[in-house]
Every structure is written in C-alpha cells, then in structure tokens.
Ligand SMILES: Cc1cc2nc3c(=O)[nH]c(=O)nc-3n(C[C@H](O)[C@H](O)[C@H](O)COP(=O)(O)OP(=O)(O)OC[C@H]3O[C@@H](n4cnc5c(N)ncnc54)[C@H](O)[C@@H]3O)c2cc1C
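Quick setup: one chain, the form predicted alone, written in structure tokens, and binding and motion questions come after.
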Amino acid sequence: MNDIQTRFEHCAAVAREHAARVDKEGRFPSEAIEAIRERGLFGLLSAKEVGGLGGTLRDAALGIRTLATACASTAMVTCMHFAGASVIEKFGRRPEREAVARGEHLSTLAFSEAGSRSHFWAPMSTAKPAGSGFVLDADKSWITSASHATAYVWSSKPVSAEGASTLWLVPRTAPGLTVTRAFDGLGLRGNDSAPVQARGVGVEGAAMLGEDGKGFDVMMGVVLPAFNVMNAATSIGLMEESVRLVAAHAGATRYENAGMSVRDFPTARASIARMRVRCDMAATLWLDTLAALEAGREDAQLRVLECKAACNDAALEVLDLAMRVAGGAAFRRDVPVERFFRDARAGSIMAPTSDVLYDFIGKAATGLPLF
C-alpha cells in the first residue's frame, strides 16, 4: 500500500467511527472531511508546483473506494471535491489552485438543474454581462456539500459564444446564493446535497473556468471521466464491505436447534457467491476503465460510460442479496448493511443516470452520435 492509500485508510477509520451518527442525524461528515484535509488529500489532484500531491485519478478512485467501505456520504463528498478540484487545477487561477492544494478549499459541482434534470450538460441558468463582470441566475436542483463547500464549479448558458455551456467558480458565500432547504434523503444522508438558488449573483470575469461556450468540452473531457470512475468506486466500496459483513454474519449466526450456522445452508452460500462474483465483475470493468484512460485507448470513452452504469446497478443487486442473507438483522439500524442498502440506491439516479448511460452506450453500439 502506498503512502496515499495509507492516508485514505486513516481517514476511513475516522469516517467509520462517525458513520452511524452521520446517517442517523443526516449531518455532514465533518470529522472525516477534516481528517482528509489534515492528511493533505484535498490537494491530491493538485500539481506539486502549487503544493499539491500530484496524484492521479487512479489514486483518487482507489481512495474513494476505501472511504466508501466506511461511509458513503464521506466518499461522495470527497468524490465531488475531486471532480471540482480537477476543473480548478486545469482552468483555475493560481491562488485558487494553491488554496485547494493547501487544504483550504473544499470544492463541488453545481451542474444539476430543475430545468434539465439528469441532462447536466444542458444548463438553463444564465450568465449576463454586468459592468466589468457578470450576473448569474439559476435554480440548481442538487449541489453536494451545498452548505459546506468553499466554492461551486458552476454551469450556465454561454454569455455570448456558441456552445452548450460555460463554467464558473462561484464562492458559496456570494450574495444572492441561497440554499433553499436541507437534505433529508433515503441514503447518503450526510452528503449535504441541496437545492441552491442564484438571484443576481455577481462574479468577476476571472471566475470563468475555460472559455465562454466551452463548458461542455470540460464536462465531457475532464469532469465525466473523473466523476464516473469515482462514483463507481463508491459503489464498489459498498459492495466490498457488504460482502465482508454478510460473509462474517453467515459464519457467526447459528440455528441452535439445528446445530448449523447460516453459511451451512447452500442457498445462503449461493447468494454470497453471487454477491462476490457480481462485485468482482464490476470491479474488473472499473479497473479496466482506469487502464483505458491511462493508456488513452480508443475505447476509453465507452468504458467511462459503462463503468458507472455497471457498478451502480451491481451495487443494487449485491445489496439486495445482502439484505436477504442477513435477514431480520439487516433491518436493524445498528447493522451497517441496512445503511449500505440505502446508500447504494443513490448511484444509479445521480446524473448521468443509469438510464441515460445505457442510452449513450446503445447509441455508441449502434453507430449513432451521443449528442
């Protein structure tokens, strides 16, 4: 295990200690996020020249998987930070890049909108010139870490250029931004994913990330590969830990009247075997996606689309089986299987949703353009 993954293991131990309360109270996983910051991992994807670790997407994805075995809310907050930080690192000004590297900037994405729903690449929000800067107006439907992020990587329609979107770095405390309600969801209860309204939010010209109208290219070339791979990593972490928990449960839980443990029943063993196989299949595709991106393979984009859909849906199946094998015990709040079951539900409905991804994959397979 390298130094970066050792740091993630430490942070996962902190996350595990607080995970039950984070879920029960629906509160932000502050202790785990602070541990991540203290270990220098906020700057994992920041270049060494600005004080970061100069890590890779593989480093981030493996770390997200580790965090997810303990607390999926922590994993998702960190996933969104890395997705936003990757844009800042590529297009942001040096002060913001250095702030991320120093651990002073928690990032996130502000793409999802009520008007375009899971079609995150087609924002309805606007950016209009105002003096030397611009004014943003929007109704963002979900922003992870909405009340805790330092700034949002924000999408809008272009100001004047051709194209689908333009990206901005918008401070969370900017006048005119309002978190309209707190998150109270089925799963990922600590990820602080909330709607945010923007009314006349002023930003300076230097807040633009990349060129006007080129946001779509950044979304597809930078954000989508990073987000899909890390989102898939969360699903894999949930599956890995659920297999471990259920296998341990099957060995330790006994039918005293029959002198047998749960694992002595062929049906239980078969279900655990299906969990193991499904998890390994998904993880193999996920690792191949990372390899395809690293090698610049022709099928890299297809793998990026496939890995999130496959891993998210595999997690649904594996956690369904976990609940069945663990039986009544799995319905208790003090047993993590029930929490993992709820957390696993989120992946397939996070944009791009599984349905959207399967449509894209079908288009690619049949020779149609994706957009």
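Please read all numbers here as calculations on a predicted model, not as lab measurements. The first residue of the shown sequence is 1; numbering continues from there.
There is another form of this protein, the form predicted in complex with the named molecule, and it is not shown here; the text below is about that form.
- Taking the partner from elsewhere, A346 is found to have a heavy atom lying within 4.5 Å of the named molecule in the predicted bound form.
- In the predicted bound form, K128 stays away from the named molecule, with no heavy atom inside 4.5 Å.
- In the predicted bound form, the named molecule sits within 4.5 Å of a heavy atom belonging to S112.
- Residue contact with the named molecule in the predicted bound form: H119 places a heavy atom within 4.5 Å of it.
- Contact annotation: of the candidates S156, N191, T234, T78, the single residue with a non-hydrogen atom within 4.5 angstroms of the named molecule in the predicted bound form is N191.
- Just one of F134, W168, W142, W286 comes within 4.5 Å of the named molecule in the predicted bound form, counting any heavy atom, and that one is W142.
- Only one segment in the set 183-191, 295-303, 236-244, 260-268 has residues whose heavy atoms sit within 4.5 Å of the named molecule in the predicted bound form; it is 183-191.
- Counting a residue when any of its non-hydrogen atoms is within 4.5 Å of the named molecule in the predicted bound form, there are no hits in 219-243.
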